[in-house]
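Laid out below as C-alpha cells are two forms of one and the same protein chain, each shown alone and named structure 1 and structure 2.
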Structure 1
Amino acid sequence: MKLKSLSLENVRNYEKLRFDFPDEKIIVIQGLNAQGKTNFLESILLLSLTKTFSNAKQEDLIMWGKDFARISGVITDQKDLLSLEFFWGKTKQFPKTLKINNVKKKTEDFVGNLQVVIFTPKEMNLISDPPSIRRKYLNIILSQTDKKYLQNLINFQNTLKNRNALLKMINDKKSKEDELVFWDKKLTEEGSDIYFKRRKFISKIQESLSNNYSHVAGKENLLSIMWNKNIPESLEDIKIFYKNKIENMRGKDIITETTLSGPHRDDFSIFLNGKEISISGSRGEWRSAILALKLSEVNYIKNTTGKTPILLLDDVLSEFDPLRQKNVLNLFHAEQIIITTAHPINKPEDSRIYEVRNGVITE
C-alpha cells in the first residue's frame, strides 16, 4: 500500500498543503524542531483512524483560529486507487464527515482502508511509560485491523463514563444500586470483547517476536510478552470471568466512585530471555525490543488484512547507529516508508529528501 498524495487544510500548523508522493520507496522529511514533522505523520495516522489516541482533542488538531480542518489523501493498493477524506470542525456547524471516493461513510467503514504502522520516540518508551501508553499501542493496531474494535472501544469508554457517574450518584445516595445492572451488562459485553481481541493479538505476535528480535540483535534471543492479569482464553469464559469480577468489586467501585476492573486497567510487560526488560534491560535492548514489536506488527497487519502497511518513522532513525539505520529500513518489508528527521541522516537507497519549514514542504 502507498500514499499517492496528501492534502491538508488547517491541520495543526499546515494551513494548506498538497503533497504528491514520489515513486521512491523512502520519503525523508527533514526540518528543524517545531516545523511540522510530527504533525505531517500524525495527519496520516488521523486519515487512517480518524482518532489520535493522544491527549489531544479533535479540536486541538485544527489550526489555531480556524473553525474546521480537512485531511484528504489518495492511496493505492496494487492497481486500485482510493480517495479518502476526513473533515471535522470545532462546532456543530461543521460536523465530522468521512468520505471514500466522495461518498459519505460511517467510521467503521472508513477506518481500516489506510493501513499504517507508526514508530515514534514516544514508543521507544513503550516499555517504561505508564500502562495507558501500552493500551494506546494496542488500540491503534486493533482499530486498524478490526472494524468492530474501534466502535466497541468508543462504546466501552462511554459506558465507563456513565457507570462512573452513576457510582458517584449511588455513593451520594442519589441513586439506587440496582440501576447498575444495565450498565454492568453493557460493560461485560463490550469489555470482554476488548480483553479477548487484545489477548488474541498478543498471542499471535508472540510467534514472531523472538525471531524478529534475533534478527535485529544479530543473535538468538527469547522475547515474550506477559499480561498483568490472567484472563481466560475463550470469549465465553472471559464474559463469565469479567461478570464475576464486576459483581465482586461492586462495593469497592461505589466507595471509590470508579470502575476498578476492566480492560481500561490492562497492562503487559516485555521479557527478554526471561528477565523483565523494563527492570534489567539496557537502552539498546529496549530499542531492539520495540523494533521487534513493530516488525511483528507489520507482519500482523499483512496477515490479517492482506495489505502492506505504510511505515511512519518519526525521528527515530537517529536513535540508531548508521549501520543499524540501514538495517532498520531493510528489515521492514514496506512498500512506502515516510521518515522525518531533525538530524541529518545518510540518504537511504531509493529515497527522496524534502525539507519542512513552518508547515511548508519543499524538495
Structure 2
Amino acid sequence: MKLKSLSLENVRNYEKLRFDFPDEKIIVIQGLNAQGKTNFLESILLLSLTKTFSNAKQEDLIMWGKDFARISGVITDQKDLLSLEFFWGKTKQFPKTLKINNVKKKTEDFVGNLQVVIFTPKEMNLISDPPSIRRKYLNIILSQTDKKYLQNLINFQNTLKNRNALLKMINDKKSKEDELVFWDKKLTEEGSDIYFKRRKFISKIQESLSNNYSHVAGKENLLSIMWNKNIPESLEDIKIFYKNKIENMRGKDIITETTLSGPHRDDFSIFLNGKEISISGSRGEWRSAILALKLSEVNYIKNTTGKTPILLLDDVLSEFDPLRQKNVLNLFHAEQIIITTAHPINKPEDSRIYEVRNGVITE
C-alpha cells in the first residue's frame, strides 16, 4: 500500500497543499520545529482513522480563521487506486463528511482503507500514561483491520452512555432497576466481543514481540504483555464471565452512577525479562520496546489484511546513530515509509528528501 498524493486545505498551518509522493520507498521531510512536519503526518493519520494521535479536538485542527478543513488522498494497492476524503467544520453548517471515490461513507466503512502504523515520541506514553492510552492503542490497530470491531466499539460506547444515564436516573429514584436488563444484555454482547478480539490480537503479536525486541536491542531479551485481569479465552466463556460481573456490580454501579466493569476499564502492562518496564526500564529500553511493538503491528496488519501498512516515523530516528538508523529502517518491511526530522539524517537508500517551511514543502 502506498500514498500517491495528499491534499490539505485549512489543516493546522497548511492553507493549501498538494503533495505528490515520489516512487522512492522512503520519504524524508525535514525542517525546524513548528513548520508543519508533525501536522503532515497527523493529516495522514486523520485520513486513515478520522482521529489524531494528539488529544486535540477536531475543530482545533482547522486553521485559525477558517470554518472548515479538508484532507484528501489517493492510495494505491498494487494496481488499484482509491480516493479518500475527510471533510469537517467548526459548525453544523459544515458537517463531518467521509467519502470513498466521491461516495459518502459511514465511519466504519471509511476506516481501514488507508492502513498506517505510526511511531512518534508520544508513543512512549503507551508505557507510562493512564490505561485509556493503551486502550486507544488497541482500538487504533483493531479498527483498521476489523470493521466489525469498529462497529461494535461504536455501539458499545453508545450503550455505555445510555446505561450510565439510566444508572443516574435509578439513583435519583426516577427509574427502576429492572430497566437495566435491556442495556446489560447489550453491554454483555458488545463488550465480550471487544474483550475477545483485544486478547486475540495481543496473543498473536506476542509470538514475534521478543524476537523483534532482540533485533532492535541487539541482544536476546524476553518482551511480553500481561493483562491487568484474568478473563477466559473463548468468546462464550467471556460472555458468561462478563454477564456475571455486570450483575454482581450492579449495586455499586447504581451508587456511583457509572459502569465500573467492562472493556472501557481494560488495561495491560509491558514486561521486559520478567520486570515491569514502566518501573525498572530505561528510556532506551522503553524506546526499543515500542519499536518492537510497531514491528509486530506492521506484521499483524499485513498478515490479517494482506496489505502492508504505511509507516509514519515522527522525529524518532534522530535519537539513533547512523548505523542504528539504517538497521531500524531495514527491520520494517513496509512499501512506504514517511519520516519527519528536525535534524539532518544520513540519506537512507531508496529515499527522497524534502524540506518544510511555514507549511510549504519543497524538494
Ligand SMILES: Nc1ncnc2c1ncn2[C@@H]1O[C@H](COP(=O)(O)OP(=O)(O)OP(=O)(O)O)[C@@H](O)[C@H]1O
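Predicted, not measured: the structure shown is a model, and the values here were computed from it. Quick note, the numbers are simply positions in structure 1, starting from 1.
Here, the chain labelled structure 2 is taken from the form predicted on its own. In this comparison between the two structures, the rigid parts meet at a hinge, and the single option from Lys122, Ile231, Lys90, His215 located at it is Lys122. After fitting the larger rigid piece on its C-alpha atoms, the remaining smaller piece is found rotated by 8 degrees between the two structures.
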